[in-house]
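Before any questions on binding or motion, here is one chain by itself as structure tokens, the form predicted alone.
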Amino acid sequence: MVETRTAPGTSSPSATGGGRRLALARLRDLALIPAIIVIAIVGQFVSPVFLRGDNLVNVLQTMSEIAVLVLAQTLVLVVKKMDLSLESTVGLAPGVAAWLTVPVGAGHGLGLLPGGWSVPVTLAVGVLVGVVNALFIIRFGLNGFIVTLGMLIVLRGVLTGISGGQTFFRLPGSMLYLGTAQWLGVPASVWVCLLLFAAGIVVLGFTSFGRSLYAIGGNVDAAKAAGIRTDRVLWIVIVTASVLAALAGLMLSGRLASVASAQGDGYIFTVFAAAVIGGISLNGGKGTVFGAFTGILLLFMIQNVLTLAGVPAQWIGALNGAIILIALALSRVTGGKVQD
């Protein structure tokens, strides 16, 4: 066997290639920062209100619930799976809690449990949805897209059924807390969102568990060969994503002081838009939590600028679709491969 050596002071091709990929990944992670700065400047020209502290806090609070959904979907996409049911979990999890804790005749509830049970019930529903999804996807090997699409429809139907198509109101104080409380003068939901993203950045970027997620998303067979317990990791990811969706629903319900029968409807489109423009690959194994955060932040900053400019809200959906197409085109230019 002939041993290949490199000249002193030079790097091997593989090392050089790895360094270049790492540099490119870091560059892609910051790719949206210039766009965010540009939008901030444009927003200030559109309205002097844009850069005021109260408006920026309002943007962060309004986006916090969907941002948590984006974090959940990011975890799932990194392992090359997909969860469409997250938007329905946002509605059903707090909906079941409201149904069981809101008094009879005081908000369409049954009043079976004390108000203090609302948060545990919400999170428990999230766990249950995640377990069912994981069971079908991992245990039975079914297509994740089809499974979660079916689950989306089922959960939406269950919420409509238990609510009678009406809105739960007069929620217990424990359900209102995350949407109404302030920590150090900033809404609690904003702090929760930022802390969750910070935790996501640490876990995916600096732990062996995070590396296993990228390994599974890149090549599940190679990950198994490397000794990674892929099924266990996938179970953790899918269940965690559903729990995060339930938490997002709790935050939204607290802010709105109600749970509508259509809560969360259509959120998944914004979630995917944010993930794609934030550099998360639909092919798995690529993207970062920070990139996903900049994606959702950019979307909501654009929406806020359009609102301040008096643009009709109906155009925002078209804008999200256009941004996805532009992001896909840019991914081909910068990475040489479309993220499809």
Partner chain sequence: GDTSGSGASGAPVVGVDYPRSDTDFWNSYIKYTPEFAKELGLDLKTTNSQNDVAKLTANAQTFISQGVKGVAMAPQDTAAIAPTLEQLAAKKIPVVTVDTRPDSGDVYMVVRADNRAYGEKACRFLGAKLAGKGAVVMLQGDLASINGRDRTEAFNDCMKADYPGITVYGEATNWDGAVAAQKLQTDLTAHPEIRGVYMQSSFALAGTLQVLKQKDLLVGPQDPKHVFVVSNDGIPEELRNIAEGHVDATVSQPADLYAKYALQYLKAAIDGKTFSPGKTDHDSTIVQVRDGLLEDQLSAPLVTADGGTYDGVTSVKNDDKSLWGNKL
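Bear in mind that the values here come from a model prediction, so they are computed numbers and not experimental data. Positions refer to the first chain, counted from 1.
There is another form of the same protein, the form predicted together with the partner chain; it is not shown, and what comes next is about it.
Checking 169, 235, 197, 191 for any heavy atom within 4.5 Å of the partner chain in the predicted complex turns up a single hit: 169. Of the residues given (92, 71, 252, 129), 252 alone sits with a heavy atom within 4.5 Å of the partner chain in the predicted complex.
Looking at residue 308, you'd find a heavy atom of it within 4.5 angstroms of the partner chain in the predicted complex. Although the partner is absent here, residue 256 is a contact residue: one of its heavy atoms lies within 4.5 angstroms of the partner chain in the predicted complex. The partner chain is not shown here, but in the predicted complex it comes within 4.5 Å of a heavy atom of residue 160.
Although the partner is absent here, residue 300 is a contact residue: one of its heavy atoms lies within 4.5 angstroms of the partner chain in the predicted complex. Contacts with the partner chain in the predicted complex, taken as any heavy atom within 4.5 Å, map within 52 to 70 to 52, 54, 55, 58, 61, 62.
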